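First, one chain by itself in structure tokens, the form predicted on its own.
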């Protein structure tokens, strides 16, 4: 994967920016949430000792841009405290496509930040130097919150992938597949970043 130039997107009350090492305490706090740990942390993080999980999660995200992944921290505009993550990974592994992932810390939920951040990252991916045509994402069917975020951000439900998601415990879950195309009508989630 070709390296990507790190980018910042201002959404008013929050900014999407690259992760930095000093974000570790905020990531550690987020990883205390059972949902974030279960659905987005990954086997390597979950199998690490609890006091090492944040660093294990953060390190590949800090250099993600150099490895061709657009990895954004969702940070409070006033405090710069990390309150979430949205990423576009596997950029152009399949021509003109990428895969999205996201989470929002419990302290920031209920403000539609996940949908706003996902929408902003998608708009940037479609119109920036990435020139993507399709961004997909998937989530376990039992992760209903993730489904709401995807739909609000304009990612249409395309189908069910049977037994697709496998938890660390070995339990399998059917997953929804969602996608948004550059040609789709963008959702109206309020004020947009400049240039979107």
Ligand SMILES: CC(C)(COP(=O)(O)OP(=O)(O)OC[C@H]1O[C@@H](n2cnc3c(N)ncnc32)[C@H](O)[C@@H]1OP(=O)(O)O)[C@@H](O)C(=O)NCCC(=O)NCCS
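The model shown is predicted, which means the values in this text are computed figures rather than measured ones. Positions refer to the first chain, counted from 1.
Heads up, the form predicted in complex with the named molecule isn't pictured, but that's what we're talking about next.
A.B. asks: Which of these stretches, 64-72, 50-58, 133-141, 156-164, has heavy atoms within 4.5 Å of the named molecule in the predicted complex?
C.D. replies: Answer to the contact question: 133-141.
A.B. asks: Tell me, yes or no, whether residue 145 is in contact with the named molecule in the predicted complex, where a contact means a heavy atom of each within 4.5 Å.
C.D. replies: The answer is yes: residue 145 has a heavy atom within 4.5 Å of the named molecule.
A.B. asks: For residue 99, is any heavy atom within 4.5 Å of the named molecule in the predicted complex, or not?
C.D. replies: No, residue 99 sits far enough from the named molecule in the predicted complex that none of its heavy atoms falls within 4.5 Å.
A.B. asks: Taking the named molecule as it sits in the predicted complex, is residue 111 near enough to touch it, meaning that at least one heavy atom pair lies within 4.5 angstroms?
C.D. replies: Residue 111: yes, in contact with the named molecule in the predicted complex.
A.B. asks: Taking heavy atoms only, is residue 103 within 4.5 angstroms of the named molecule in the predicted complex?
C.D. replies: Output for residue 103 is yes: heavy atoms within 4.5 Å of the named molecule.
A.B. asks: Every residue in 36, 40 and 115 with a non-hydrogen atom within 4.5 Å of the named molecule in the predicted complex?
C.D. replies: Spot residues vs the named molecule: full contact, yes.
A.B. asks: Output the sequence-ordered list of residues from 152-170 with at least one heavy atom within 4.5 Å of the named molecule in the predicted complex.
C.D. replies: Only a single residue, 152, comes within 4.5 Å of the partner.
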